[in-house]
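What follows is a single chain, given as structure tokens, in the form predicted on its own.
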């Protein structure tokens, strides 16, 4: 059987592409390596509902908790600074297994077909269509959407992107601790179904970003560390996670709970527009082209937006030029593309650690009424102004 579109991957980006194409009346087949959508991303994440609602019906969204407070903490050898704020937009935590199945169901309701437990091994171009070679046989389709995720082997084989390198990747690891609903609320001083999220930036013992999310009956904690730092300093990722949990009282917070999940993944710090997003009827989306916004820790929103654009691209047979142009026209994706230069500079030259140290020191000096510490950072001011201007440029 020949399909109009073959989507490889049933994550948020793949489901968005499948939904848009099937809504337009195309015959869509989606291939998924796992036994069901979301099974490769078992635990959860925090999502912005307004972004999901641009593509999917969110009226029955399987949310765990609505995040009412976000706590930002900066930590350095000089001390810690923390700020709490309420989000301006609706944020919720979701279980990826439930969330991904919820998204896929909407594509399936529009007659998209899913084949799980199937791995795509290669793509061959025929005269006017493509042949996708899988571990269960061959499938023919007119157009392809690559929603493989970060380990995008087909995209590499097709020359759309290079292999990942330590200089441009972050190693993320996460643990999920099970508690009952009342204990989660009690231990984090939450009322009813309210949720809380932490964002932590630290430079000790290496620069890293930490997080904590609350779900109905569990707490998820994790860290993301530049891969190059781990290699150069010969530190294992779990050592940083252990340090994070001890320093911020998480070890005590989850005492008596059971460890439900331990997972790890690579996050690319490079990608579109440096990586190609399209090639002769093949459109890459989401993590396949590194669409993660490091500033706001957001990968699912941009993945869904890019998937919806690819869904329209296959429906209307867009050229690659048109597809790339439409990606750029999306606010969520344009922001990621414009952040690439500052992201590379902050990670590659160690500025993240310098600024973390400087901000905590200056705030503590200000609170103490002694601003003499300011002078030691005078040499950093030109680079700081440059980075602020780069950051401002990425926002407008």
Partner chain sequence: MKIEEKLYTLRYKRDEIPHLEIKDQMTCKKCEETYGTPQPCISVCPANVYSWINGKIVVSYENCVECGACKIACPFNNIIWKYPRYGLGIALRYG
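Positions refer to the first chain, counted from 1. In this text, all values refer to a predicted model and were calculated from it rather than measured experimentally.
Keep in mind that the form predicted together with the partner chain is missing from the display, and what follows is about it.
The stretch from 290-298, 128-136, 321-329, 188-196 that comes within 4.5 Å of the partner chain in the predicted bound form, counting heavy atoms only, is 128-136. If you check the partner chain in the predicted bound form, you find a heavy atom from every one of 95, 237 and 263 within 4.5 Å. Contact between residue 259 and the partner chain in the predicted bound form is found at the 4.5 Å heavy atom cutoff. Among residues of the shown chain, residue 253 is not one whose heavy atoms approach the partner chain to within 4.5 Å in the predicted bound form. Contact check for residue 338: no non-hydrogen atom falls within 4.5 Å of the partner chain in the predicted bound form. Contact annotation for residue 244: none of its heavy atoms lies within 4.5 Å of the partner chain in the predicted bound form. This chain is displayed alone, yet in the predicted bound form one of 203, 169, 78, 312 has a heavy atom within 4.5 Å of the partner chain; that residue is 169. Listed residues 91, 114, 227, 123 were compared with the partner chain in the predicted bound form; 227 is the one with a heavy atom within 4.5 Å. Residues are counted as partner-facing when one of their heavy atoms sits within 4.5 Å of the partner chain in the predicted bound form; in 212-231 these are 215, 218, 227, 230, 231, in sequence order.
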